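One chain comes next, on its own, written out as C-alpha cells in the form predicted on its own.
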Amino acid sequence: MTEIAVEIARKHFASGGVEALAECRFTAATGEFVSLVGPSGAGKSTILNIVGGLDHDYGGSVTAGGRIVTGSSHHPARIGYMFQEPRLMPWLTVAQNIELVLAGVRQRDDVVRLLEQVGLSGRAESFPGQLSGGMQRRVSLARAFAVRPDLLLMDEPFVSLDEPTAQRLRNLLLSLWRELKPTVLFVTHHLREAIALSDRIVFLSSSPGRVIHELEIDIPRPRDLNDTSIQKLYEKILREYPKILSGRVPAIAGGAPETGSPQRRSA
C-alpha cells in the first residue's frame, strides 16, 4: 500500500513548449480512492504518467510510500494501469495478455482466479477479437489487478461504454479494490461516477492544470450511481460551483482568482 504526494511546479510539453501543469499539489493516502476531475486539456492523463514514473520531464516532485519517483530506475510501488482503451495484444490469448505482467510459478492459477472474479471463466484461451468491448475492459481490469498493485492508475477506463456495462465494471473495480485496497488515482470527466467511486475528488483547472478544489465524499458505501444521495451531492456541487467542470471556482476571501489556491471541503 502506498501514500502518494504530488507537487508539480510546472510541466511543459516539449513540442511547442505548451504549459500543461502549474502548481499542481495533492496527496492520496494509503488505500484511498481519489478521482481527478477537470476539463479536457487539464493535464489529468499527464499527472498519471508522472505519478507512474513514465514522465520525468517536469519541475517538482512525486513521492510514493515516502520514496521519490522522479528519476527512479525502479518505481517504489507496484503499479496497475488501466487506460481508456483495453490495450490488449490481439495475437495473444486472454490468459497470455494477463501473464505479461506476472512472474512466478503460480501465474496460471492467478490468471484463472482473476478471470473468475471478473466473470470471464472459460475465456482464458480466447483472443481479444473474439470478445465484446465490455469483455475486453474486464480483461484489462483483471490485468491491472494481477500484480496486486500498491498503486492503481486509471485513465477514464469506462469511457464510451454503455451505462449498464460501465456500471458492472465499476462494481467489479470496487470489489477488487475492497479486497486489495490499493491507492487509486482515477481520471474521469463524469462527476457522478467520481462521487459514486471516490473517497475524495480533486478538481483541476483548465490548462495549465492546477488543483482548484478538493471534496471529501462522506456518503456511506456501498453506493450506486443512481442513489438519491449521489444525485443530491452532484446538484449541490454544481449549485455552489456552477463552473467547476470547466475548471473554475468562485473567488474566495481575499480575492483569490477563480483558478487560484485550492479549496478543500468536506461534503
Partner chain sequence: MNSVKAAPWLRALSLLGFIALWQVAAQLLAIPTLPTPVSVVASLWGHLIDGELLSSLAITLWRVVLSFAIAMVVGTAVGILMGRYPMLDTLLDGVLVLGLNIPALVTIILCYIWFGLVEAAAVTAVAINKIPTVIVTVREGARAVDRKLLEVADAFRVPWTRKLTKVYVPQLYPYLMAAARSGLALIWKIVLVVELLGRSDGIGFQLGTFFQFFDITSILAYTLAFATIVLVVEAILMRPIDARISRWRP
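This structure is a prediction, so every number in the text was calculated from the model and none was measured. Numbering follows the first chain given and starts at 1.
Quick note: we don't show the form predicted in complex with its partner chain, though the next part is all about it.
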Specify the contacting stretch among 110 to 118, 160 to 168, 180 to 188, 144 to 152, defined as having any heavy atom within 4.5 Å of its partner chain in the model of the complex. 144 to 152
Using a 4.5 angstroms cut-off on non-hydrogen atoms, would residue 123 count as touching its partner chain in the model of the complex? no
Quick check on residue 193: any heavy atom within 4.5 Å of its partner chain in the model of the complex? no
Is residue 174 close enough to its partner chain in the model of the complex to count, meaning some heavy atom within 4.5 Å? no
Residue-level contact is defined here as any heavy atom of the residue lying within 4.5 Å of its partner chain in the model of the complex; does residue 54 satisfy this criterion? yes
Taking its partner chain as it sits in the model of the complex, which residues of 185 to 222 have a non-hydrogen atom within 4.5 Å of it? Please list them. none
